[in-house]
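In structure tokens, one chain follows: the form predicted alone.
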């Protein structure tokens, strides 16, 4: 078993093209020996966004705080605390801060995949 606080994990700036004001923390994955899933904590600053991108694997996302927009090819939806989002594999998507406070969420993906880091 492994226990920790998210705030004890060093945040790293996401530097992928199209990302702006995004910090990621890998909470659980290879760092704790989790063989199946990787749980990441994202924080997007006001005015920030992840890149508009697609990949073969799914995401499961749970919104913790702030206001955001989730964009897909044919539109966008607003989300806030308590919202959850399922992004199927190969679907273009991004997350953007739609407020004036940090927009934070947990994102779970299959383990050992190349991804926004």
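Positions refer to the first chain, counted from 1. This structure is a prediction, so every number in the text was calculated from the model and none was measured.
One more form of this protein, predicted in complex with another copy of the chain, exists but is not displayed; see below.
Three-residue candidate spot 77, 81 and 88; every residue lies within 4.5 angstroms of another copy of the chain in the model of the complex by at least one non-hydrogen atom. With a 4.5 Å cutoff on heavy atoms, residue 38 counts as touching another copy of the chain in the model of the complex. Looking at residue 54, you'd find every heavy atom of it more than 4.5 angstroms from another copy of the chain in the model of the complex. Within 4.5 Å of some heavy atom of another copy of the chain in the model of the complex lies at least one heavy atom of residue 32. Although the partner is absent here, residue 96 lies well away from another copy of the chain in the model of the complex, with no heavy atom inside 4.5 Å.
Residues are counted as partner-facing when one of their heavy atoms sits within 4.5 Å of another copy of the chain in the model of the complex; in 1 to 35 these are 1, 2, 3, 4, 5, 6, 9, 27, 28, 32, 33, 34, 35, in sequence order.
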